[in-house]
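Next up: a single chain in structure tokens, the form predicted on its own.
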């Protein structure tokens, strides 16, 4: 009888599985992901490697010395005081993050626009005290531009009524507002000394969210050719809420990580963060195999660093406010050693 190995589910709960059951989960996940993303499944060697990682009974695992990668972040430090410079100092000197991020608890560009001078002063002060690069980050959150929070018609109300043309017109209007805000905040923070900008959870409101971000990235790249610009995605494929948006002739709706990376590179992004959502009813081994399969094609075409979003609820990390270190470390190790990604 095979020994049961302690492991985690996608919601962070403990379970126990045999080595054979873990292998079956890995095979199932990579085959399913390959069919959905129209790519190749993980090779037998890659599946064996992933199995060894998840069959380990170690509480914490890590890459070998010399195989460490750069750690970037969206947010960072305390979740309660994102504008506190002491948080950034702790992130740099205690947690060892390589690329820091200044942020505000109202984590959207629409909200940050109203407090930009305060954030600029905080950035200037932080740059005087810290050594690591500091970027400024927030979410595009295109939905915030729809009613009742914003000036535009709510396309999520129009679409169920089959008012397709009106919904697309509302998205077009919201994208204009959003792109202007992204540029306004981006220019302001870069002028204040930020080493880069982070557009976090891009595409969370669909292809319009992604398109307005790409427009802002292109503008900032042209005006600040040496600035860092990170785009972290919201999920493994872009939701086609508008459905007709294209970037240089390429339809955005339905793009998987490889396609997302390619349009980001064309727009001027310098750091790409793919995200693959967790299935809470599946094991972490299943979820990590799924993530590796859909992100792997990025590595063949990447001209910029790829940092998979190995954080809460994505890329093999459970949906949990305080993700368990055994699950996080296994997901991180797998993405580094199997994908050979540039960072996390």
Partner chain sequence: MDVTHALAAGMGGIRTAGDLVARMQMSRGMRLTEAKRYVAERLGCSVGDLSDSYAMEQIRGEKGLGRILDHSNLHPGEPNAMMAKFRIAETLGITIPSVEKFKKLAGI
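Just so it is clear, the structure is predicted and the values come from calculations on it, not from any experiment. Numbering follows the first chain given and starts at 1.
The form predicted together with its partner chain is left out here; the points below concern that form.
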Only hit among 192, 245, 220, 143 for heavy atom within 4.5 Å of its partner chain in the predicted complex is 192
Interface check vs its partner chain in the predicted complex: of 61, 31, 277, 39, the one with a heavy atom inside 4.5 Å is 61
- Message: Residue-level question: is residue 94 within 4.5 Å of its partner chain in the predicted complex, judged on heavy atoms?
- Response: yes
- Query: Is residue 67 close enough to touch its partner chain in the predicted complex, meaning at least one heavy atom pair within 4.5 Å?
  - Reply: yes
Quiz item: According to a 4.5 angstroms non-hydrogen atom cut-off, is residue 12 in contact with its partner chain in the predicted complex?
Solution: no
If we define contact as a non-hydrogen atom of the residue within 4.5 angstroms of the partner, is residue 71 a contact of its partner chain in the predicted complex?
yes
For its partner chain in the predicted complex, the stretch among 208-216, 122-130, 108-116, 166-174 with residues bearing a heavy atom within 4.5 Å is 122-130
Within 244-275, the residues having any heavy atom within 4.5 Å of its partner chain in the predicted complex are 270, 271
